[in-house]
Ligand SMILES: Nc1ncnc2c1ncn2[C@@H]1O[C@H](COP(=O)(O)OP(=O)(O)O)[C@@H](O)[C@H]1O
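A single chain comes next, written as structure tokens; it is the form predicted alone.
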Amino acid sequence: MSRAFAGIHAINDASFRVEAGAVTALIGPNGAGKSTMCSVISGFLRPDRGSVLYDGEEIVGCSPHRLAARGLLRTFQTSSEFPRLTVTENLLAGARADRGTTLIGALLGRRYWIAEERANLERARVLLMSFELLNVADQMAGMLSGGQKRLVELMRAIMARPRFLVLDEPLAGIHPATVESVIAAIQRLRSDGVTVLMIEHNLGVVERICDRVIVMANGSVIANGRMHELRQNPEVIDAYFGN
């Protein structure tokens, strides 16, 4: 895959494979092309050339909302909460198969959709408890701290029951006391069979929870493997650890 901006190659003939059901880290120095790669994978950018295969099918050209319907979702470096909705409402916005928003649901009434709504509310409550945000459940999301907003975005993505979740620096701006909650959530996703690709600069966390690591530099993939193996790779040391 390749993608350039004003003649500068953010991605330069990069190629890699993400194993289903695993947690894979995408690491590299600033400007390596990691976020651009995630934007292309999730449909927010189109590559200049190349392809993205999801379950063996080409998905370049698919819109983000269609990919989300197929279970491929992402979070961003900058939180994108709905500021005028409560935290709980933000989570419910991510819930899939909402019977109450369909024409049939409107015609059949409350009995048709109330059970699903209650199940979604309970699931949101459990998530809020696990991230220790139950106390802000009824606050407007726009009033939260930056770290809390990032947690809301992560929980909203989990509410959508992803099959493949792309996380762009999920620990950035998170209070140290909450980091373990995020790590536990990612590990639960893997246990549930969800594939996770995450950009992360905390190499201790990467080594602890990631099955494989892909290293990018100057728009290209320069290495992949286990974190302890990559620490011995001279090219990785020069491109990443040296910085």
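Here the structure is a predicted model, which means the values were calculated and not measured. Start at 1 and count along the sequence shown; that's the residue number.
Separately, the form predicted together with this ligand exists; it is not shown, and the next lines address it.
For T36, a non-hydrogen atom is located within 4.5 Å of this ligand in the model of the complex, even though that partner is not displayed. Though the partner is left out of this view, P29 does reach within 4.5 Å of this ligand in the model of the complex, counting heavy atoms only. Within this chain, I8 lines the site of this ligand in the model of the complex, having a heavy atom no more than 4.5 Å away. Using a 4.5 angstroms limit between non-hydrogen atoms, Q77 touches this ligand in the model of the complex.
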